[in-house]
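The form predicted alone is given below as one chain in structure tokens.
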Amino acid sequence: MIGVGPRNNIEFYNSPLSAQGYLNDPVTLGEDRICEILREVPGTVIEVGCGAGRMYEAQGTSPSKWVGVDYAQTPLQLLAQRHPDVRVVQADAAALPFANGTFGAALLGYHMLESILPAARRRQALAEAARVVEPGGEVIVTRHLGRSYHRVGQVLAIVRRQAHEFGDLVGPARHGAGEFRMHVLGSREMAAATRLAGLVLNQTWDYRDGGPVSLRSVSVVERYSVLRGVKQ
């Protein structure tokens, strides 16, 4: 465990190695279930943290039914080159430039919510996703479970001031793109954040195989409904 350093990953995500590397990662069976759901959404889907369009390509939906948002310019440029007809927007997940209820569903996939530091900005990003989805629409989130990190190591990191919050992790990333920072979302934190955002949990399944969440699951997909009457 090393110090978490700056509280964002913009340099990492702007790396061409990162953008292409994540695009090449295979879609899991758990993500296949996400694609099936999003194909049936009657309205437009917004994907926050879309990267270079890995999940857009997996869904195979019409460009008119999907909007991709990311705060890193490099993956959006790659996405626009591959799919010039899709709408892409460079924006912060915690301040989405869309009106209330614009979309039928939102996807915060590939554990992107966990790349947002600190906790207040994660809560704001989740609330923004819920805000731009119409009441009764859906927000789908992927995240890791607490068992995916070593708790004793986390306690030591906090004591040594190497982590800002319990759950903060940092280390060399795949694809040779540099150092990646993330926060493993605990179930208690996630429950509190979704309650504030006006989200109700409908389903959950294993991110890797699409089956039930078991003691061996280290990451999950959660499917939420946006409560009616909570928009401002």
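Residue numbers run from 1 along the displayed sequence. None of the values given here were measured: they were computed from a predicted structure.
Separately, the form predicted together with a small molecule exists; it is not shown, and the next lines address it.
Undergrad: Name the single residue among A119, A91, A80, A127 that comes within 4.5 Å of the small molecule in the predicted bound form, judging by heavy atoms.
TA: For this set of options, the contacting one is A91.
Undergrad: Choose from 32-40, 45-53, 198-206, 183-191 the stretch whose residues reach within 4.5 Å of the small molecule in the predicted bound form, heavy atoms counted.
TA: That would be stretch 45-53.
Undergrad: Hey, in the predicted bound form, is A72 touching the small molecule, heavy atoms inside 4.5 Å?
TA: Output for A72 is yes: heavy atoms within 4.5 Å of the small molecule.
Undergrad: Report yes if any heavy atom of Y224 sits within 4.5 Å of a heavy atom of the small molecule in the predicted bound form; otherwise report no.
TA: Judged by the heavy-atom cut-off of 4.5 Å, Y224 is well away from the small molecule in the predicted bound form.
Undergrad: At the 4.5 Å heavy atom threshold, is V86 in contact with the small molecule in the predicted bound form?
TA: Taking the distances in the predicted bound form, the answer for V86 is no, it never comes within 4.5 Å of the small molecule.
Undergrad: At the 4.5 Å heavy atom threshold, is V132 in contact with the small molecule in the predicted bound form?
TA: Outside the cut-off, so no.
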